[in-house]
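Below sits a lone chain in structure tokens, taken as the form predicted on its own.
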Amino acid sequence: MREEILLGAVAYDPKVVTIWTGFRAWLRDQGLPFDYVLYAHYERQAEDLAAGRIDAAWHSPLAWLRTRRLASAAGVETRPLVMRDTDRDLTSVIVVRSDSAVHTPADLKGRTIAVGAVDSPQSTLIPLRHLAALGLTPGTDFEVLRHDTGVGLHGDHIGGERDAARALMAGAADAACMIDTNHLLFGQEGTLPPGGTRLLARTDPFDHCVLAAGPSLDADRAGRLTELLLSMSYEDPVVRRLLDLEGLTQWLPGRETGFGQLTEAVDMTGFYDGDGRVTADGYLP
């Protein structure tokens, strides 16, 4: 067993180095031996966590589902430790141009819907599952216009969502899917003009990222890591800078109740099989 806790994080942005170097220093100052390694994509990180090559991982929701399946197939245990306060009860939206003739989801039949990357939970998998639940089959009842920016990053790179928004405004698509916070962001930055879109549908709430423990992390060390992260105070200026970069004000206990829609989407699309093998057609992270 490693003396230090080794965590994996995906380098979706240069700030990831700043964030985890800062967390590393803070945790070590609290007496916890801790280090991290960076990954180019989530698929290898999920495999390494389930195999015990790393002890913990800062996981996307899709990586968490895959890790659970890999671990179950191998007969080992994984568990969620903490989540950001901003990871709970999120929704994705399907928007149209404000002057569109589309007024209900049923009006999307025969039309084109812009989505993000193939592996984006919030802008592809969950919204398409939502439409399927409304009786609209992707690729049959409507055309899916995908924007595969940052494939392997599981939607952490929002370029695909931004490209979907641009496709909507350019007239290349009749609707676009994105997480609601990015819908607001795209309006603030000018990608979507003020008043240029209206909401057509909203998904049920779902949860996002989770910091997960793998089979190589014993209960005592997992408990200490969890305790320290939950103790981080936004009032501490050193901590606040790191939390701001990571997009949270407080760590909360991890939970597994918010991944039902994504699980259904993964099964609907065949993204992973029941043992966690990648089975999505043409998906190469």
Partner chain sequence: MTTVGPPAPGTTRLDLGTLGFEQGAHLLLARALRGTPRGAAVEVAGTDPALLPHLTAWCRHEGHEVRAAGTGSRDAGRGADTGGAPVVAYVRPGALADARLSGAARAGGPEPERMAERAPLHWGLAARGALVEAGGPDVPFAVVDRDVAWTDLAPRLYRQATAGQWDPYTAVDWDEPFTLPDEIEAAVVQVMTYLVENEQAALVVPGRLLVQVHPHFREVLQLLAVQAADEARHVEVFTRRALLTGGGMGTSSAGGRASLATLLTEPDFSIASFLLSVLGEGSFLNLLSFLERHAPDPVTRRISHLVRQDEARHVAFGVGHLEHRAGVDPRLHGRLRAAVERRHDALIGTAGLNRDVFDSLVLLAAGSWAPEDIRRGWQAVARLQTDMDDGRRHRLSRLGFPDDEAAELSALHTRNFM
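These numbers come from a predicted model, not from an experiment. Numbering follows the first chain given and starts at 1.
Beyond the structure shown, there is the form predicted together with its partner chain, which is absent from this document and is the topic of what follows.
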message = Does any part of Thr137 reach within 4.5 Å of its partner chain in the predicted complex? Heavy atoms only, please.
response = no
- Determine whether any heavy atom of Glu77 comes within 4.5 Å of a heavy atom of its partner chain in the predicted complex, and answer yes or no. no
> Going by a heavy atom distance of 4.5 Å, is Asp89 a contact of its partner chain in the predicted complex?
Replying inline: yes
**OP:** Evaluate Asp85 for contact with its partner chain in the predicted complex, applying a 4.5 angstroms cut-off between non-hydrogen atoms, and reply yes or no.
**Re:** yes
Picking from Pro237, Gly223, Gly260, Gly31, the single residue whose non-hydrogen atoms come within 4.5 angstroms of its partner chain in the predicted complex is Pro237
Checked Asp218, Asp244, Glu227, Glu256 for heavy atoms within 4.5 Å of its partner chain in the predicted complex; positive is Asp244
| Looking at its partner chain in the predicted complex, is some heavy atom of each of Gly187, Pro194 and Thr249 within 4.5 Å of it? | yes
Among 127 to 135, 178 to 186, 106 to 114, 149 to 157, the stretch whose residues bring a heavy atom within 4.5 Å of its partner chain in the predicted complex is 178 to 186
Checked 137 to 168 against its partner chain in the predicted complex; residues with a heavy atom within 4.5 Å, sequence order, are none
